[in-house]
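Single chain ahead, by itself, as structure tokens, in the form predicted on its own.
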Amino acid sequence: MHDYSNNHNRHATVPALLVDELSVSFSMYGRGTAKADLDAIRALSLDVMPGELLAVVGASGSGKSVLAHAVMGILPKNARVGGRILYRGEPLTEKRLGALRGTEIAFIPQAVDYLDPLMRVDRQVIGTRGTRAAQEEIFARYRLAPEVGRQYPFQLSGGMARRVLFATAAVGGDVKLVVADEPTPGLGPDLCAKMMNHFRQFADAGAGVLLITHDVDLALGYADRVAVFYAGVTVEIATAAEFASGGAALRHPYSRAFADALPQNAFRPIPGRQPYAGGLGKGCPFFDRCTERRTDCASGDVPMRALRGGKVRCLHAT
């Protein structure tokens, strides 16, 4: 594992991205014609500094992709959003996002169907800010043959389509924030490492990189910090080195359980399951599974607080 903790801009005081107590619910029909709000995420908080790669980890359904869609302004119309999202110190309004998306803010989505099925690949990569020379150079960098540019998305393999998505983010523009939602599935180990090196290069050049991933082992080799999500809540933000160490280095009981379940650690699962989004209540969402729980953990707000150089959402973490 590499140590990048001193590589990002320690003199930066304004985050490239600040997410403060973000909540997202979806208005949905239940039985009959009755409508109800389904809470997808309840309290997500994190910051990404210029020059930093922040990895976001957690089980499926913890809110990782919803966060990415909220930041990029692509949530469906039935979504209700609370909290704050700031880009370089200013609110990321719909109007501002429209001007910045694809220039200063690059998005690499999880689903390859974000590519336009009716447009040739080379034209999608060039877009409105690239050049033919830049497109050809980036294709060579990502091992995409020149003839791929003349193809349509349906003619690409899954791995090729993911590389094309990355190329659309990397060509042209002065990128200051990269939001990547599960960018490596379908890629072999060599290409995964190459892609992660490119994310690292974005960060080392001064951009903030928000990397949402299930491949925790891979991310730990390149990340500065790790944000741990559970049931729509940020439970901890720690350095990558602390997360790799696990145990007492981490602050939240779920973070320790998550780290212990990794193959290189105890590989020890815990009983129970993450609450369904619609079942989020008051208090700590990990309460039912936590071996360290106390009565006051079950109700009321559990604020995010600074602890031992990181952040944790736990009343009794020390």
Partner chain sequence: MRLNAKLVAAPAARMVLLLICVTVLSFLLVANAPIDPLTMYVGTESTLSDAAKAEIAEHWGLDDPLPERYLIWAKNALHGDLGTSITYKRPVADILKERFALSIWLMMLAWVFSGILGFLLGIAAGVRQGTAFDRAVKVFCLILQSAPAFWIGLLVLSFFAVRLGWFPIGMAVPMGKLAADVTLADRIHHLILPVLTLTVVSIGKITLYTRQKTVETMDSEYILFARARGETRGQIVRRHVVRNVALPAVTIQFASFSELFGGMTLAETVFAYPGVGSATTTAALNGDVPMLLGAVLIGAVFVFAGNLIANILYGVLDPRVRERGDYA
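Think of the rigid core as the biggest set of C-alphas that the two forms share within 1.5 Å after superposition. Note that this is a predicted model, so its numbers are computed, not measured. Numbering follows the first chain given and starts at 1.
Beyond what is shown, the protein has a form predicted together with its partner chain; the following relates to that form.
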Could you spot which one of R88, R200, K194, R120 gets a heavy atom to within 4.5 Å of its partner chain in the predicted complex?
R120
Heavy atom within 4.5 Å of its partner chain in the predicted complex: which of P189, G127, P146, G82 fits that? Just give me the one.
G127
Can you work out whether its partner chain is within 4.5 angstroms of a heavy atom in all three of R163, T213 and A244 in the predicted complex?
no
Residues in which of 135 to 143, 213 to 221, 228 to 236, 94 to 102 have heavy atoms within 4.5 Å of its partner chain in the predicted complex?
94 to 102
Please determine whether Q155 contacts its partner chain in the predicted complex, using a 4.5 Å cut-off between heavy atoms.
yes
How about R293: is it within 4.5 Å of its partner chain in the predicted complex, going by heavy atoms?
no
Proximity of I74 to its partner chain in the predicted complex, heavy atoms at 4.5 Å
yes
Given that its partner chain is not shown alongside this chain, does R289 nevertheless sit within 4.5 Å of it in the predicted complex, heavy atom to heavy atom?
no
Can you name the residues of 284 to 312 that have a non-hydrogen atom within 4.5 angstroms of its partner chain in the predicted complex?
none
Once both forms sit on the same rigid core, is the C-alpha displacement of F139 at or above 2 Å between this form and the one not shown?
yes
Given a superposition on the rigid core, I'd like a yes or no on whether R162 shifts its C-alpha by 2 Å or more between this form and the one not shown.
yes
Superposing on the rigid core, I want to see if A111 changes position between this form and the one not shown - specifically a Cα shift of 2 Å or more.
yes
